[in-house]
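Shown below, as structure tokens, is a lone chain in the form predicted alone; questions about how it binds or moves come after it.
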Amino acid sequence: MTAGSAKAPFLWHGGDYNPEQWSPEVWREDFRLMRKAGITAATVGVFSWVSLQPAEDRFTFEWLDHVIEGLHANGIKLILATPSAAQPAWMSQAYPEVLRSDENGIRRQHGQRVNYCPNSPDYRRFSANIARKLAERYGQHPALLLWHVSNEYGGTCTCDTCAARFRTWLQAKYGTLDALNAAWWTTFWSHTYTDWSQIMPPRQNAEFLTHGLTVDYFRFMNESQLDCYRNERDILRSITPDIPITTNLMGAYKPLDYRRWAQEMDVVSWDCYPNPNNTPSDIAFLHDLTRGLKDGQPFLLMEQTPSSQNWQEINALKRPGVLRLWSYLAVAHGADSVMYFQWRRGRGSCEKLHGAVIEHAGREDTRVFREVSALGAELQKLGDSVIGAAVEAKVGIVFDWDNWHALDSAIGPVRDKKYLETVRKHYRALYEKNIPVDIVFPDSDISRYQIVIAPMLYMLKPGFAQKIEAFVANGGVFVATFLTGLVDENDLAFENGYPGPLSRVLGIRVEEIDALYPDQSNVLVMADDSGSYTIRRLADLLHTEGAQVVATYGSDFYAGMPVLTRNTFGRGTAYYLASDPEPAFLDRLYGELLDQSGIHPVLHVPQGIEAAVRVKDDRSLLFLLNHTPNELKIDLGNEVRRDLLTGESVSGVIRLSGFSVGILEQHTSQ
């Protein structure tokens, strides 16, 4: 299934365009330059609310009419955004309860963006109305490809409006105060609620240590913002049922549960802005996470910088070739588009130094414009050969936003649990072996995988342990780690200890958890004397209850106790890793599990080369990505493939220059 549209069956190339910041003379120049750069789709209207509605009773769509007609006349398709991420000042002034409250419940002043209360009836009314106006005016335009609702939802609000809605939400969930008090364990510190009106959001100047409260407020705020999206989406869908609808997500963004959002989106899209210390593995993980949100459906890369960002502490340029390389990295992992923020660099305000295809000088004889244009020409050459192609994986890694939030709220045994870092660490061990990985969730169907890995699954939701048991009993390999199975979905510790409902399939019992200081370590010693490895951070002291001991601790008072166990369960095997090992051990562990499961790398390539595959119909598309500045040799063997970027047939040993890419097509019937 493609992430795009039947109106444009190719890899979309384009990005955010903010014509309200410019004159008609600049628009005309932009259309010319877009054609030259191979731009095929433009996202328009993201922050144009006041330009479209300068007063409550006045609308000014005429300028947008001209822009859309200009794009269409130049063969550029339209991704039309609703502008609801930044409400106009007139709205905040006339309806102050539209404004969001901070972590102490204090109402903010107007300004910035995403500064609205998601439960404000006035905000919902105005955002629904502008969406309706746009759909009625442009819904039948032949250039329209996609609705882009709002922009980068996020943050939280703790105002009194949200507090009242939260109580209603809790009443629907729990039914009675007795049930809520039991779920939240409110007898602690005499926090038992005797009336619904006593419950408030987790404000920093009030109660925020009741973990049932904080986890539920995270879920409530996620649903509140999702309701804002649905409020606009449903109007757009009623008027334009054939136009797909999305909103741009932000990868591993903690304040929202994107798995829930994906269920409400026709297509998932996201904005990719790596941190300076991110590796190709870290970026690939975020693409795979995004692809996993809709169970493997391709996604849209909605934003990336063509040159540099401006909001991090240091904002280095992408080196020559890296824009192309990282664009194809996204495509290799399931993207059906290559888009940028932004087309033209604004002259003022906080994003005036953010990278763009067109810089302040407005010139086309720049390195970035040349790279974007060359990439645009390549994407047009690829045509429809890639869109809709699937990534086929036999390994799944479990990720869960509720778990992440609960872990970070938990006080002890260490303050920084490093959940995302740990998940990425296990992912990296597979990525570096060129093993395709799906990111899965507690509600995913895991039966189609051979190996499932669940790092730090502190919160076990109802039914997931049974799902794991069935998976292992049917021959699967399951890997769990330290801090697994401590609490249920209400953040209440399991009465039978850790790892809770997973004790049976893992064949272990955890007695204590030791926390190691940053300068401390222990040693994982293989039981067969085949090696030892450094372990850090946390150490579960566990006892086997049917499992075999594969490795033990090498020091401290728990020397000799198990640190890695293996339990046979039905036709499969479950492993428990009780501490955080150095990467070399994960490389060994997963290498052995892959061999035993008969899972092989996409291709054996030199270090620094990534090999990934997407499959479409009877064709296999091999992406070769050189993440180093050096030319490297790759042995393709005797199979003949066609290079989609050059049109040449290749086999045997090929050379890939630094930061370069190859896309090789092979018919699977060969």
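Computed from a predicted structure; not experimentally measured. Note that residue numbering begins at 1 and tracks the sequence as displayed.
Keep in mind the form predicted together with a small molecule is missing from the figure; the text below concerns it.
K.L.:
Is there a heavy atom of K254 lying 4.5 Å or less from a heavy atom of the small molecule in the predicted complex?
P.N.:
Flag for K254 set to no.
K.L.:
Does the small molecule get within 4.5 angstroms of any non-hydrogen atom of F494 in the predicted complex?
P.N.:
No, F494 stays farther than 4.5 Å from the small molecule in the predicted complex.
K.L.:
Find out whether any non-hydrogen atom of W185 is located within 4.5 angstroms of the small molecule in the predicted complex, and reply yes or no.
P.N.:
Contact check for W185: no, nothing within 4.5 Å of the small molecule in the predicted complex.
K.L.:
Mark E303 yes when one of its heavy atoms lies within 4.5 Å of a heavy atom of the small molecule in the predicted complex, and no otherwise.
P.N.:
E303: yes, in contact with the small molecule in the predicted complex.
K.L.:
Only one of 374 to 382, 327 to 335, 349 to 357, 257 to 265 gets a heavy atom within 4.5 Å of the small molecule in the predicted complex; which is it?
P.N.:
In short, 349 to 357.
K.L.:
Considering T565, S579, S120, N248, which brings a non-hydrogen atom within 4.5 Å of the small molecule in the predicted complex?
P.N.:
Checking each option against the small molecule in the predicted complex, the one that comes within 4.5 Å is N248.
K.L.:
Here the chain is shown alone; which of W169, W196, W90, Y273 has a heavy atom within 4.5 Å of the small molecule in the predicted complex?
P.N.:
Contact residue from the list: Y273.
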